[in-house]
Ligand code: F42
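Let's start with one chain on its own, the form predicted on its own, as structure tokens.
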Amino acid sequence: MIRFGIEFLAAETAERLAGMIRLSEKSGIDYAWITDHYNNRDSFSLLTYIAAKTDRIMLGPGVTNPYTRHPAQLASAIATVNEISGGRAVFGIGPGDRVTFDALDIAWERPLRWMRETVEIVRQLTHGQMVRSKGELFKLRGAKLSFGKGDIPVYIGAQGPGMLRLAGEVADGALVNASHPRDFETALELLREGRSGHSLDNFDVGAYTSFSVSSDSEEAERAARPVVAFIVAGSPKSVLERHKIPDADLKALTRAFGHGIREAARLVTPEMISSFSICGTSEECINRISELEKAGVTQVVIGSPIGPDRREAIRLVGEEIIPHFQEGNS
């Protein structure tokens, strides 16, 4: 049975985010992921606050990175969320983005090694172990948390081949930035390679989607257009070729950014909407989610924009979409 998560930017007050996540919890959504960027509110502070305001929903950064915080700091932060939430923490981590690191003058180097060593240390510390590590990047000489001991699932945000293989090898789940089943044909092959051919039965394959649902399909698409424009402009050439996005359409959209996001959004084509979002009425979204489920996705993360009206969109997800996928209905 497929599960549902939801993503929020750390760009709102803690109380406002807590209210949205309480609504998501009541609507049957199982996971809440909070983005982690230095220029927004601190994601772990928000998660700790929200943990005290919720009862059931799993909570985690979606995603943090291994460059801007030491693994021991990350372990302490997520263990605190786990303690306050009563064991509901999940740890989402990815290699980060070059734009952020350029602004901080941080070299984006050896992401696979940074991820591997960070995940290993965080996992050992949150299991209560004393860590003596002689890695290539981190050397710990008897580090140990003074509180908390728990099994916190690790999710790796992955898109490229190397990171997907690493996720399959060392993580409990992957958060794949994709909304189309075609992308998961490749992703699942790479995840299985990382697991050395072992089954993905106990591995959570997350589709980290651009999602927009409304009772009016055109309104849902209108809300998704700016987000899809950014996704298309930032997608690797191989992904654009996979979805047969014409070079002329890509060049026109890229040029349009010089005149503002509104102009770029206007040039988003139906093919781009279909390839890079889950968008439309509840029925239209159900059809795409069903395709993702058949492709091997086990968690759909409802990402930006969520819908033209977020509260109404969450209501539709809870009342019309999730029930379709509950046992006996899908």
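From 1 onward, residues are counted along the sequence shown. This structure is a prediction, so every number in the text was calculated from the model and none was measured.
The next section is about a form of this same protein that is not shown, the form predicted together with the ligand.
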Query raised in the report: Of the options 110, 182, 132, 222, which one has a non-hydrogen atom that comes within 4.5 Å of the ligand in the predicted bound form?
Result: 110
Query - Candidate from 256, 239, 154, 163 lying within 4.5 Å of the ligand in the predicted bound form - any heavy atom - result: 163
**Report entry** the ligand in the predicted bound form reached by all of 91, 117 and 171, non-hydrogen atom within 4.5 Å
**Finding:** no
Query raised in the report: Does at least one non-hydrogen atom of residue 124 fall within 4.5 angstroms of the ligand in the predicted bound form?
Result: no
Query raised in the report: Are any of the heavy atoms in residue 35 no more than 4.5 Å from a heavy atom of the ligand in the predicted bound form?
Result: yes
Query raised in the report: Applying a 4.5 Å heavy atom distance criterion, does residue 63 contact the ligand in the predicted bound form?
Result: yes
Query raised in the report: Hey, in the predicted bound form, does residue 83 get a heavy atom within 4.5 angstroms of the ligand?
Result: no
Query - Interface segment, criterion being heavy atoms within 4.5 Å of the ligand in the predicted bound form, picked from 174-182, 239-247, 141-149, 226-234 - result: 174-182
Query raised in the report: Using a 4.5 Å cut-off on heavy atoms, what residues in 244-270 are near the ligand in the predicted bound form?
Result: none
